[in-house]
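One chain is shown next in structure tokens, namely the form predicted on its own.
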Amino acid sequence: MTETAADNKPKLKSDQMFINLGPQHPSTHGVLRIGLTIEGEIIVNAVPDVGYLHRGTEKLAEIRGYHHCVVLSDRWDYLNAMGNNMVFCMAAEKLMGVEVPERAQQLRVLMLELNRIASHLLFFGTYGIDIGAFTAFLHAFREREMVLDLFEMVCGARMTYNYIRLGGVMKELPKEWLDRCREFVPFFKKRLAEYDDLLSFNPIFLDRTKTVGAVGGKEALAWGWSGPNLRASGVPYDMRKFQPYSSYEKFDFEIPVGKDGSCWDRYYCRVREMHESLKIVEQVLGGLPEGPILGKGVAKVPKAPPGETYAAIEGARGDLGIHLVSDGNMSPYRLHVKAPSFINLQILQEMLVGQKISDVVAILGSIDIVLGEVDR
């Protein structure tokens, strides 16, 4: 490892060079800077540097009402906004003792899985660009637009939805929504099969990802990984199975698991997860119960009794949790987000050492971070 001087700048040997990757580089997926010390093409030290997009939403929540905090949550991981809405509402509902009706629970599951598909589609497309394959990006965004059309029909937004609310969901499904969603499922199944021919088993793509950035299961757990990154390392943990919420226990789906924990495993776990999300969407559409979409007991200006709670879900990027503390007023006393993107990012300082510069973007892209969640 390279020594570090007292002023926190790397102390370089004569045959070493310090370079920045980001924050302006498109493949840093946002405003992330990685300070790389290299010897030739080999990385000997890597320091991820975050904070350029700091939003302070955890602090903002202390002066916002509970309903307004749902709006703030949309902005963390803006590719998984439904999940952000969900986890905050779950924490607040625990504090307030609110029961969510069965129809609302399954509508939540439906939106969460559609959002997971939309998020993984963006990963699929942008990861192809990271490696040098542009066509996959066009295919992914074609299908993603169909999911965003469904979200726009139900809540009027395409990225920050504010659809999942305290006690249930914002509104009932509009006419023709279910039919449009049912049309999407078989269409997307065919497209998923094309993705494997287009990118997954492309020889050049395999050469760039199959043996690069391998992380074993013990190492992944030691660094706090979760979600597809952890499962790609061979650890079959999914909160929807092991700690089910919002009626997930009623649905049949598999947990895709990788073998080597390579960039390709992390990529393909997400592709396989889209298949499983489609299974869940089909099951919800086939048995959506009738009934109310909002639980009783949620005031227009709600207050939570004094206390604290924790809630977590299986977000698109891993274990997304909320620690919520109330002092009995109209705003949370304290809110902390356990953000998977932030936790998954820290291993880069170890993963990148010994790799070539050309592999940095492949490894970073395979972790699938969103800087809005890192710098929440």
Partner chain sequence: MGNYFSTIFGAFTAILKGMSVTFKTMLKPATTVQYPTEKLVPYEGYRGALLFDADTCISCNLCVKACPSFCIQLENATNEAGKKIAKVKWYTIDFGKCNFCRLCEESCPTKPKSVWHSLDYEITFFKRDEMVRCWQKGFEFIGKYFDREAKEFKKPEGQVQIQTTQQRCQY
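Residue numbers count along the first chain shown, from 1. Note that the structure is predicted; figures quoted are calculated from it, not measured.
In what follows, reference is made to the form predicted together with the partner chain, a form of this protein that is not presented.
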Among 126, 160, 283, 247, which has at least one heavy atom within 4.5 Å of the partner chain in the predicted bound form? 160
In the predicted bound form, the residue from 259, 189, 180, 241 with a non-hydrogen atom within 4.5 Å of the partner chain is 180
If the criterion is a non-hydrogen atom within 4.5 angstroms, does every one of 171, 194 and 201 touch the partner chain in the predicted bound form? yes
Does residue 139 make contact with the partner chain in the predicted bound form, using a 4.5 Å heavy atom cut-off? yes
Non-hydrogen atom contact residue 272 with the partner chain in the predicted bound form at 4.5 angstroms: no
Would you check, heavy atoms only and a 4.5 Å threshold, whether residue 64 touches the partner chain in the predicted bound form? yes
4.5 angstroms heavy atom contact with the partner chain in the predicted bound form for residue 156: yes
Counting only non-hydrogen atoms, the one stretch of 261-269, 225-233, 145-153, 76-84 within 4.5 angstroms of the partner chain in the predicted bound form is 145-153
